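Before any questions on how it binds or moves, here is one chain, the form predicted on its own, in structure tokens.
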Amino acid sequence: MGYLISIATFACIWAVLALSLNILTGYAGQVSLGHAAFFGIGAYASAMLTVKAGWSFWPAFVAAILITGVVGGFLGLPSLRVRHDFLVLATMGINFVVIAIFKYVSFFGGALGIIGIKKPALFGWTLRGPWFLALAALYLVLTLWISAYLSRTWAGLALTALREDEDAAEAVGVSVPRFKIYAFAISAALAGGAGSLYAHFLGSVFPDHFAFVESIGIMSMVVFGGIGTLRGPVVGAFILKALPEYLRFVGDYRYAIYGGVLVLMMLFQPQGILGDNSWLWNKIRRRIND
């Protein structure tokens, strides 16, 4: 049971990451392959504030969100100068730079990382096992609400216009630079909260936990589930985070199966399994309407 709870907790955390990236890529059209950097910044911020500064989890959790949001807005500045393929390369570079800082700067623990990170406590009760899962699920629900609320606001319409055509959006009065920074900041802040939860659940953080391969994994979850939707990233995260664990009995072949599933999706269902106009989503809608 403990193993299943751990998988579910990790799935909730990665669902938050997928939703946060969906705001940046699905809503605003800014393709990023460096999202794990924001995940790592939030994890390290929370770890250092609790282990080295002696803070409790709750203020460290809020601080990690705020710090990552500010850093995300700052690191979003390259998006004002580059587009499309060049933005992908820029965000990849950011991921490698952030991990190099964590690994080679002794202030952040270097390659040895940070250990001894305590579980959060509430009214003297340590949150572990199903209680920590409940905390992660609550943060996932909050992220879903923020994503849904944002999509219904004028800012959400501005991000959609930005995704479809930046020049046309600017022509109708949308401040392209401002909304790009907003998208990066909000996306990074939510990812930072996920990083804080990850650090305190695992009890330690190491630079390799936030490497470029994790950014690829987060993007795969968004694309697999259905980019630009609320349901897609969540379903994609739960399937792709849990699938490799349930396939452990086949050894290293599980990664081949994992990759094969992604390739088949890209070939036959590029909208994702639950994306708009996907075969499965259309079938579900028809069933609901009937």
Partner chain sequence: MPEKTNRNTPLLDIRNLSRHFGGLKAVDGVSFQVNEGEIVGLIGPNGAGKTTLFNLISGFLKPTAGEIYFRGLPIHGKRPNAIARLGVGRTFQIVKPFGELSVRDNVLAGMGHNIYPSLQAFLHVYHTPTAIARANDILENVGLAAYADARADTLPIGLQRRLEIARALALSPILLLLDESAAGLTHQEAEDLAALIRDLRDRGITILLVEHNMRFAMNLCERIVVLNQGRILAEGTPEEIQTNPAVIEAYLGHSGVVRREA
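Residue numbers count along the first chain shown, from 1. These numbers were taken from a predicted model, which means no experiment stands behind them.
Not pictured, yet referred to below: the form predicted together with the partner chain.
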Heavy atom of W154 within 4.5 Å of the partner chain in the model of the complex: yes
4.5 angstroms heavy atom contact with the partner chain in the model of the complex for G173: yes
Contact test in the model of the complex: A169 vs the partner chain, heavy atoms, 4.5 Å: yes
is_contact(F179, the partner chain) in the model of the complex, heavy atom dist at most 4.5 Å: yes
The unique member of K103, H209, R163, K119 whose heavy atoms fall within 4.5 Å of the partner chain in the model of the complex: R163
One residue of I114, L140, M219, I186 in contact with the partner chain, assessed in the model of the complex (non-hydrogen atom, 4.5 angstroms): I186
Stretch in contact in the model of the complex with the partner chain, which is absent here, among 199-207, 90-98, 69-77, 154-162 (heavy atoms within 4.5 Å): 154-162
